[in-house]
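Only one chain comes next, encoded as structure tokens, the form predicted on its own.
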Amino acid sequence: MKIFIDSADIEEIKQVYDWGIADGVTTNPSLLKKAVDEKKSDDTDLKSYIGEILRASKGTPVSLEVTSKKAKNMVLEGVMLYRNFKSYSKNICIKIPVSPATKEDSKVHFEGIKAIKELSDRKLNVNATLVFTPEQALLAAKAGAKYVSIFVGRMDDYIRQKNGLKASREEYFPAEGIAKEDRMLEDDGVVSGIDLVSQCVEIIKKHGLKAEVLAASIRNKRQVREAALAGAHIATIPFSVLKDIIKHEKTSEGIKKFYEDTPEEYKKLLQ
């Protein structure tokens, strides 16, 4: 499973690439603006800051998001993002919502799919984002999306809320789901965010589609493991979770004993 860092913090991004485990970057406009605002003393503008991220990513995929709802405008924005930043990296991925519809504007459901299709036909890489059903993943993959982003943590929150439970970013949500009063909590046959990843992987594999399933909205290291076991091609992971993955108290205990027990004669062989 490939690992993308989900961040707009340039220092976090550089750190993860320095560790040698990063395969790409995902970000969004609000995270980018926040990161630039925090660097006001450096007189950094948004365009140059995105350029820094692209240079730090060493040619791996970086997702940049559009902001429009209509397919025509999303395509124009996607093309402009590529043109503005292709000098930094050719591996720019245009992030398109699988459906830009809201309750207030329900007539644009397929505008995202249309934009994905047109951008893919133009040979631009597309990351279909905000995917919450296997059917959405299927449509995005058929339209030509390179990546299909499944929102694991947010799906867990939604299943809790839909069934009258309090949402909690900190509380672990089991991959196999939660039973309440002899029934499984679910959303149209999906019992957890990881279950959603698994179903999307199965559909894309079974039908020979080329899209890669990207597990997003990861909350903890257990979900990273479960996303890998579910067959996710990629997990995009916050810096705080990435730091936590490497830790285990028995590893720390063992390394301490290893250094204490190493004979001086052996140490001299290393000099």
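Predicted model only: the values in this text are computed from it and were never measured. Residue positions are given as counts along the sequence shown, with the first one as 1.
Unshown form predicted in complex with ligand E4P; subsequent notes refer to it.
Shown without its partner, this chain lists K180, K123, R169, R83 as candidates; in the predicted bound form, only R169 has a non-hydrogen atom within 4.5 angstroms of ligand E4P.
Residue-level contacts in the predicted bound form: of A216, A211, V62, A232, one residue has a heavy atom within 4.5 Å of ligand E4P, and it is A216. Ligand E4P is not shown here, and in the predicted bound form it never comes within 4.5 Å of any heavy atom of T44. In the predicted bound form, no heavy atom of Q223 sits within 4.5 Å of ligand E4P. None of the heavy atoms of Y88 is located within 4.5 Å of ligand E4P in the predicted bound form.
In the predicted bound form, ligand E4P sits beyond 4.5 Å of every heavy atom of K72.
You can rule out all but one of 185-193, 96-104, 151-159, 171-179: in the predicted bound form, only 151-159 has residues with a heavy atom within 4.5 Å of ligand E4P.
Residues of 12-30 that come within 4.5 Å of ligand E4P in the predicted bound form, judged by any heavy atom, are T26, N28 in sequence order.
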